[in-house]
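In structure tokens, one chain follows: the form predicted alone.
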């Protein structure tokens, strides 16, 4: 049977990622390997997780990501040992000087080295580091040992700009070259474990069709910070994990994602268009741009004054023009901002009295503007999703959904164990305009994200079908928020 030019069909490739700044490139390497037909499972060293998070790799590989040598699979098997025993090839990219030294000495200090020591699969290693580190006699000796004694295929780094700001040898090799090395290492070898039961399992809930292909989704994540003075602020406990999980899931389902990130504590997805904000006022401005609503003044009035007191905005790549298909407002937005933030640091001896002003309800503003524009806009009204973090009870959730004019409201009790800020899990209840209430069990945040996006995809399909039925003129939703 023809593989259509895909050279790794049926192969299981283990991808080990270590703590180089080039770790972000491993996400694209994963894409290239899967494009060749490979089934890829990822292992992250602890230092790698400071550069890239497991959510990106889990969403794209559809496998749980191995991060700890003690992690067990749902059936009780040791995760990294199953990978070692079933992978057709093991590629480490980027490989740091530390990892090269550990492997040359046979030290199993993390899940990547442990699995590499336990496997008999061919090894492909792509180092990346500072030029002087690459040329150091210790590194040269370690690479020689891995290549000449252990038989590893080493894809040498290339010359180019380095993280130090200098230019020289040490840059991670071009990704297609690494893929070619993996193909060459396999040659005519048979598939080691063709039985899926002997391979690492797919992650439950991660497999979704590309039902958001061609859609643009705006997602907000993290918590806003309202400055008291140049060094202090009013904030909240949001880490951005839920918003980032939504972005990762949407990307995996084919969407173009604009991520507006306030204060976050997790790595951001590589392939999203990211805008960094700090204050509610900056978030309001970024939302107006991302939603195609022009200046913040065209969204509403009454923004807080935080942006004038040391807020900063940094854009990696701007969102596309025009209205997106959906907005998922997962950011935790401050309800109040200091009315008169100090331009200098307030001294301990000074008496501090804070006068707080309410911030605007950004989601309600967006909903009102979207409803007004939907009367004539040919693209129809975006699907709007809000979040409500409550404590003790979700009784106010239905009223919040009506007041904000959103299509879906995701409510959770942040005081419940496993469902608060900074956790890897969440227990949410999803409410919609029709009055339907869906309470989900405690799930991983990536699975929660997919459950939410399932509803978004369904709503978008219904919107488009209604527009076609009406003769390509989308139905007005201007009065739906009052039901």
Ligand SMILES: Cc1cc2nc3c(=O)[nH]c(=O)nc-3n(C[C@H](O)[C@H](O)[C@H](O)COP(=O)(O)O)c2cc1C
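Numbering follows the first chain given and starts at 1. Only a predicted model underlies this, so the values are computations on that prediction, with no experimental measurement involved.
Below, we turn to the form predicted together with the named molecule, even though it does not appear here.
- The named molecule in the model of the complex comes within 4.5 Å of a heavy atom belonging to residue 51.
- When contacts are judged by a 4.5 Å heavy atom cut-off, residue 98 counts as touching the named molecule in the model of the complex.
- Although the partner is absent from this view, residue 467 stays clear of the named molecule in the model of the complex, with no non-hydrogen atom inside 4.5 angstroms.
- Under a 4.5 angstroms non-hydrogen atom cutoff, the named molecule in the model of the complex has residue 133 among its neighbouring residues.
- Contact with the named molecule in the model of the complex, judged by any heavy atom within 4.5 Å, is made by just one of 115, 129, 366, 250: 129.
- Checking 423, 429, 34, 47 for any heavy atom within 4.5 Å of the named molecule in the model of the complex turns up a single hit: 47.
- Here the chain stands alone, but in the model of the complex its contact with the named molecule, taken as any heavy atom within 4.5 Å, falls in 98-106 among 181-189, 240-248, 98-106, 396-404.
- Contacts between 13-46 and the named molecule, taken as any heavy atom within 4.5 Å in the model of the complex, involve 18, 19, 20, 21, 45.
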